[in-house]
Structure formats: structure tokens, C-alpha cells
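Form predicted alone, single chain, as C-alpha cells, below.
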């Protein structure tokens, strides 16, 4: 995987079809996405212009998807025109970078239930980005997402609930395409503070196996403590 990442770094700004980019700044290569809304910042991230195009640096300490890339993610199905269902949008850091990637012809259906962070998300992100459809609903009640139409290419779930995996599976059953990709952030401390985090990840993966083909599991340390990203594909 290190060789693959190096290849992406060498291609960097040369490939028009890239979903994310490596940009050299201050002597280091940093992860970035092309800004869908030039001039607009979401979380005070640095904006860099290269060859007349504006990019937003993507902080792996603020985004678990960026942390997964830094830690060797092998699968990246987020691309131009993709349709994404994102559970747990929070204030919109990762959603905004996915919005950059899917572009004006893609859609991010972004679900958030907590009213305070939902307001921040609406004010700072969704208002400026036409490809984000905010859904202010409880992820436990997918039948109430009246804004979601059709099946999505990717389901991304980042919610802190003891039954987060079952909530995610229920949503996949309703909205994920056959053979669609499923990204599940496992927050072990939200599930059980008394158990070994590795054991919790193994147990949650077992819950997925009847309906999903497990592709990769990534420990998000040092960017997030006691978190893992599990990437899988929906069987049917």
C-alpha cells in the first residue's frame, strides 16, 4: 500500500480523475481535495492554489476518512458523480471533503440528529454546497428519510451508539446498492468501555459478515484513539 500511496503522490496534480491529492506545502506532502466552493473554509483548513485551482488541506486528525487514507486505505469508491449516504454528519468536516470529491453531479445525503451540531453543519457547510442534502433525523429511523431517493453507491457511518453496527446495517438494507461499499467507523468506547478495543472490533465485524464481504480493517491510531474503520461490500 505504501507503494500505491507513493504512486498517487507522484501523480499528484497530473491526473484529472483523482479523488484526492497530495500537495507539497511547508516542506511536507499533505492530503487535499479540490475545493468545490472556492474561497470557502469549513473548519479553518488551509486553502492552497496550484495551477489556478484551489485545494483544501484535509486534516486526518479532524476526519476519520482522511486518517484511513493516511493509514493505508486500499479502497476509495468516493468519486465524481457518486451518491453517498452519510450517517453522523456532525459539523460537516468529512462531509465537506466528500462533497468536494463527488462534485456538482454527485450527492451526499447527510444525516445528523443532534440539533446543536446540525445547526453548525447547516450554517457552515450545507448552505454553501448544492450537492449536500441535509437530513435532520435519527439514524435509527431510516424510513423517515424522505429526502433520499434511489440507492446509494457508498454508505458511510460515523455514529457513537452502543448499537451503531445494527443501525448501520438497517440503513444499508434500505439504501445501499447491491455490491455497494460500506464504511463503518467503530468507536469502541461508545460500545463498551470495559472490553478490549480489539475484541470489540472483532465482534462488530462478526455482525457484518452475514450480509457483507469484509475488505479491510484499519486502526485509526494515532489520529483517533480506540477507533477502527471497517470497509466492506454489500452482498445483496
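Just so it is clear, the structure is predicted and the values come from calculations on it, not from any experiment. Numbering follows the first chain given and starts at 1.
Keep in mind the form predicted together with a small molecule is missing from the figure; the text below concerns it.
Looking at residue 111, you'd find a heavy atom of it within 4.5 angstroms of the small molecule in the predicted bound form. The shortest heavy atom separation between residue 126 and the small molecule in the predicted bound form exceeds 4.5 Å. In the predicted bound form, at least one heavy atom of residue 140 sits within 4.5 Å of a heavy atom of the small molecule.
Not displayed here, the small molecule is kept clear of residue 133 by more than 4.5 Å at the level of heavy atoms in the predicted bound form. Candidate site formed by 64, 86 and 117: every one of these residues places a non-hydrogen atom within 4.5 angstroms of the small molecule in the predicted bound form. Judged by heavy atoms within 4.5 Å of the small molecule in the predicted bound form, the contact stretch among the candidates 86 to 94, 146 to 154, 101 to 109, 70 to 78 is 86 to 94.
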